[in-house]
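Just the one chain here, the form predicted alone, laid out as structure tokens.
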């Protein structure tokens, strides 16, 4: 399975933002310290999150980021997709006629990995950002 640090860090940062905002903007440096993610990397991630209307920013001494919409409306798949990530278990293109080994036919386990891919992506479609913040409160 392939999910890069960018996708993982984006979900971590959004969960941190949802857990700590209390109706005030949160600076990236706060998230960076709490989650041990490079500030420069967070800046790149938050540009994409903002473009995709998952966060909004405010300037000034008390500036930072807040969620664009409630955590109950943000799916984990929205976050992963916003940072141009894709959870992928297949080595080949899903609808290609060529297989994973660049042969004319799909490999014998192609359908297994395809079903796993559907299961994982379906899971990320069902889990909301709010679910992560509830888990941390337990």
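None of the values given here were measured: they were computed from a predicted structure. Numbering follows the first chain given and starts at 1.
Just so you know, the form predicted together with the DNA exists too; it's not on screen, but the next bit is about it.
Applying a 4.5 Å heavy atom distance criterion, does residue 41 contact the DNA in the predicted complex?
Yes.
Any chance residue 9 has a heavy atom within 4.5 Å of the DNA in the predicted complex?
Answer yes; at least one heavy atom of residue 9 falls within 4.5 Å of the DNA in the predicted complex.
So in the predicted complex, does any heavy atom of residue 70 sit within 4.5 Å of the DNA?
Judged by the heavy-atom cut-off of 4.5 Å, residue 70 is well away from the DNA in the predicted complex.
Hey, in the predicted complex, does residue 52 get a heavy atom within 4.5 angstroms of the DNA?
Close contact is absent here: in the predicted complex, residue 52 is far from the DNA, nothing within 4.5 Å, heavy atoms only.
Output flag, 76, 81 and 124 jointly within 4.5 Å of the DNA in the predicted complex, heavy atom basis:
Negative, none of the three is within 4.5 Å.
Sequence-ordered list of residues in 9 to 40 near the DNA in the predicted complex, where near means a heavy atom within 4.5 Å:
Going through 9 to 40 in order - heavy atoms within 4.5 Å of the DNA in the predicted complex - the hits are 9, 26, 27, 28, 29, 38, 40.
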